[in-house]
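Below you will find one chain, with nothing else, as structure tokens; this is the form predicted on its own, and questions on how it binds or moves follow later.
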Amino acid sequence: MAEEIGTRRYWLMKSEPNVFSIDDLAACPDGIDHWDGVRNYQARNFMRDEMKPGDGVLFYHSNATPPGIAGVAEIAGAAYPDHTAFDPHGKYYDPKSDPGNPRWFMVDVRFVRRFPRLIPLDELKTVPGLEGMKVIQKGQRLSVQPVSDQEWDIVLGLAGG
């Protein structure tokens, strides 16, 4: 996906609502928190190399009944080393990650708005124009994934603008 420098990009980021929901993000000071614990290289590369402050985020509740898009956030800052990888007592510890040469990165995200209703995955699968959306592809489990301009606009339309 080649984009011009300075062009806003869009992403879908998955979180289990019983771990961290869009309401949890909204409750953070200034509506901002870090998106930590990503331990997939492709997702890490998206965050580290491609996400920029101001990029839009579809906040997706995964491992929920039903799973779906709960609202919108935005990238609030450039990627930086994920400090949770360095804590030997933490659940995201990675003994191969070194503060001098970090393996894992995270970004800060800012709450923008909660949708009036969750847009369930089953509904997304039926919407014309979303056929190529990564989240609806069979076997696609990536927690951070790109969203096209068209997919972004369609989802916002489903949410009421």
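Everything numeric here is computed off the predicted structure, so don't read it as measured data. Counting begins at 1, following the sequence as shown.
Heads up, the form predicted in complex with the DNA isn't pictured, but that's what we're talking about next.
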query: Proximity to the DNA in the predicted bound form (heavy atom, within 4.5 Å), stretch among 106 to 114, 25 to 33, 126 to 134, 56 to 64; finding: 56 to 64
query: Contact label in the predicted bound form: Leu121 to the DNA, heavy atom within 4.5 Å; finding: yes
query: Any non-hydrogen atom of Tyr41 within 4.5 angstroms of the DNA in the predicted bound form; finding: yes
query: The DNA contact at Arg9 in the predicted bound form, heavy atom, 4.5 Å; finding: no
query: Partner contact for Asn18 in the predicted bound form: the DNA, 4.5 angstroms, heavy atom; finding: no
query: Partner contacts for 124 to 142, taking the DNA in the predicted bound form and a 4.5 Å heavy atom cut-off; finding: Lys125, Lys138, Gly139, Gln140, Arg141, Leu142
